[in-house]
Every structure is written in structure tokens, then in C-alpha cells.
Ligand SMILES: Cc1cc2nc3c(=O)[nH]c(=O)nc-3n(C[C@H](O)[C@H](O)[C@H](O)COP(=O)(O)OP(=O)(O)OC[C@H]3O[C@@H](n4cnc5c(N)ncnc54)[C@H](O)[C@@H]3O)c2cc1C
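Presented as C-alpha cells, the chain that follows is alone, the form predicted on its own.
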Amino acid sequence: MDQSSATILIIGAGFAGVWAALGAAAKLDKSPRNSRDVQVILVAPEPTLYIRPQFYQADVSNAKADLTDLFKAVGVQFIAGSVQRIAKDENAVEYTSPNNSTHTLHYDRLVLATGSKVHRPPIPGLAEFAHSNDQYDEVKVLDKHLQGLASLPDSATRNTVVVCGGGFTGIETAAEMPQRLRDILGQDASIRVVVVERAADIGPELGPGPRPVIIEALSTLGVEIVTNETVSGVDAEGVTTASGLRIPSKTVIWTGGIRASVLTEQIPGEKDALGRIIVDESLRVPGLRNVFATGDTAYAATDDEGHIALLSCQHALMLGRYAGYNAAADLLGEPTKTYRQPVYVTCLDLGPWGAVLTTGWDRVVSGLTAAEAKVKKILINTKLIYPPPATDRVFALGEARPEIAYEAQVFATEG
């Protein structure tokens, strides 16, 4: 590596990390006079973008995208490794390569984009007996478990799935599960799917707007909703709640909230309750001029009305663009851009019933029918959130501009 060159180092190959790399490359491409000696490096365990919003589905074979050719096309250097330590005083990070050797990378600008993971509280039996569909390897383990149910004797316990957590992921997981179980156990199998939510209502973070649609859809699909119940224990035969409710089940899926990457703990500064770093309007970490945080590691204002970016793909896509652009602009001595993402759209998959599409932070249900909303959900999951093709470098760099209004594309043609 040429030590005389300046380095923008991005940690993480999720949505925010990928678009931060593209955003930095796009900015450098537009400033050739000063950028010839600047390199963009992304370090992650593998050059793959996992399409996490699809992980509630049965088939995740297409829920990933290889980034090798794309990075080569736009001039981003990929390094396989897992960052263990951020030495901010040395402008360096330490990472472990696939062969378990330790290496050091120095940076001039750092973009932390290591995402989030599902939060697993210390509930007895949770770690041992509950499944998750948060990470790709966990999805594969869950599917293997579900497929294996067919080899067990028919029983109510075998045929019951308990989804712990009635938030966005829990609802989408539960809505898919009845048909998924019937495909494995037989169309005539007596299936039971139960969502357990500790709040008073299903989808507490989604608000009252889409709730009637959610309840209608889950009821039609035969999914039971249990609210005001907190899971207190999980074992091989089911779930117990704090009130003493017992739900026998061979399959427990935990979806109870997510937290920012533990690497945020190595960055000084104020954090929110989810562990996200509170950043300024350019996504810079206050007090650290050369460190930016983005995606699920950043607590960032989306507008001037007090709304904060959510731990979601929708926000990560834009947060990444801005962070990459700003890291490059700052390194070149040019003005940074203020992150803003005022348009907010929610599209919740409700399995075979369809989907529900809402607009605005108050989540007003759109006029689309369940089937029409499902078309939009498929468009999002299979097209809008995928990285651009490596075959068109100009297009890829153009798509990385912070001005891209991703959310507006949801209402564009389905083509």
C-alpha cells in the first residue's frame, strides 16, 4: 500500500457501508484534481451485501449480492477482515483476517458502518433454545430446524411457532409462518402461530395508523396476537411469560429489538438507548474531526422537525451516501452536506394476505389495496435496495449521490 496516499476507511459491508464506499468514490470521481492520491478501503468479513430485509422469508437464496466486481469498477479496495479495535488516537484500526492473523490499517477519515444485531436479554433459555432470523447464518439454521419438524411426531407442540416480539420483523415473520409450516408439514396440518408482544398493542413502534390492517391480516392468516406479556423463559418445549402463561412449542423465534454494533463502544461521545453514536448534521462524531458514523451506528436527525433516522434499510441507504460523500469532501477540504431525509415510507409485508404501505412519520395508510401494496414491497425487496450493477460504473457512481431520493421510487412505476 502506498503510505503517501490518503485513506478513507469504511468498516462494514451492510447497506450503509456499501453506499458509503460508493458515495466516497463518487465524490472523489467528481474532484479529480485533489483526489488522485486518495484511496477508499472497505474492510468487512466478506465482500457480500446481505439483504437483511428479506430474512423473514422462507427462500433467502437471492438475499445477498456479491460486491467484488462493483468495488473494482468504482475503485474501492476491499479487505477481508473483522475489526476488533479502533485506535482513534493513532488513526488506526486493528482487524483479524480470515486466517486469524492480526493487521493494522491507518486512516485519514474513518466511517463506522458496522450496523446492528438483534438484542438478546439474559432471559433463561433464550440463548440455548430460541432461534433468530437476524443474520444470514441464523436464517439458515432456522430453516433447517423448520424442515426437521416433519421428522417429528405430529403434535400441537411441534406444530406451534412462537414469535417473540410484535414489531416490524416479528409481524413479517409471523405472517409468513403459517404457509411456511404447511409447506413443510402438509396443507392439512393443524398449525398454530403466536406473536407475543410485551406492549399493549401489536406493532407498538408502527403506531395506530396501520394497526387495524395488521390485525386484519394476521387474523385472516390465523396468527394469534398476545399482548401485555413479557417472555420470562424459553426451553426446548416452549415459552413462559412473566404472568405465568405457557405456550408449548418446538419453535421459538426471538425478534425482540436490535442494538447498534458493539464497536460504537470504542468511540467516545454520547450514545442513545440503542447504542447509536449521536452525530452532527454531517454525520461526524462530535469531538473527532476525522470519524463519521452512519447507518445503524448513527443517531442522526432526518429533518428539522425532530425526527431521527431509524435502524432500517430505508435510512441506512441514504445515511451511507451522505457519510461517504462527507468523508471524501472533508478530506479534500471541500464543504460537507447536511444529512436530510424528510420523506418517510413504511412498507410492511403481511405474507399471503398482501402488505400495508404507509407514508409520513405518522404512518398514514396509503390507498393501495393489500395486493397493490405487496407489489410495492416486492419492488423494494428485489430491486430498490440492491446495489447497482458492476457493469455500469457511471450509473453506479451516479446512484451514490446524496441527492438521490430513494423513498420516492417506491411510488414510481413497478417496472
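Don't overthink the numbering: it's just position in the shown sequence, from 1. These numbers were taken from a predicted model, which means no experiment stands behind them.
There is another form of the same protein, the form predicted in complex with the named molecule; it is not shown, and what comes next is about it.
- Residues with any non-hydrogen atom within 4.5 angstroms of the named molecule in the model of the complex fall in just one of 179 to 187, 309 to 317, 273 to 281, 333 to 341: 309 to 317.
- The named molecule is not shown here, and in the model of the complex it never comes within 4.5 Å of any heavy atom of Trp353.
- Although the partner is absent here, Pro388 sits far enough away that none of its heavy atoms falls within 4.5 Å of the named molecule in the model of the complex.
- For the chain shown alone, Lys377 is a contact residue for the named molecule in the model of the complex, at least one non-hydrogen atom being within 4.5 angstroms.
- Interface membership of Asn133, defined by any non-hydrogen atom within 4.5 Å of the named molecule in the model of the complex, is confirmed.
- Put simply, of Val38, Cys347, Leu70, Ala26 only one has a heavy atom within 4.5 Å of the named molecule in the model of the complex, and it is Cys347.
- Screening Thr302, Ser116, Thr264, Asn159 for any heavy atom within 4.5 Å of the named molecule in the model of the complex leaves a single hit, Ser116.
- In the model of the complex, Ile11, Gly12, Ala13, Gly14, Phe15, Ala16, Gly17 are the residues of 5 to 29 with at least one heavy atom within 4.5 Å of the named molecule, listed from first to last.
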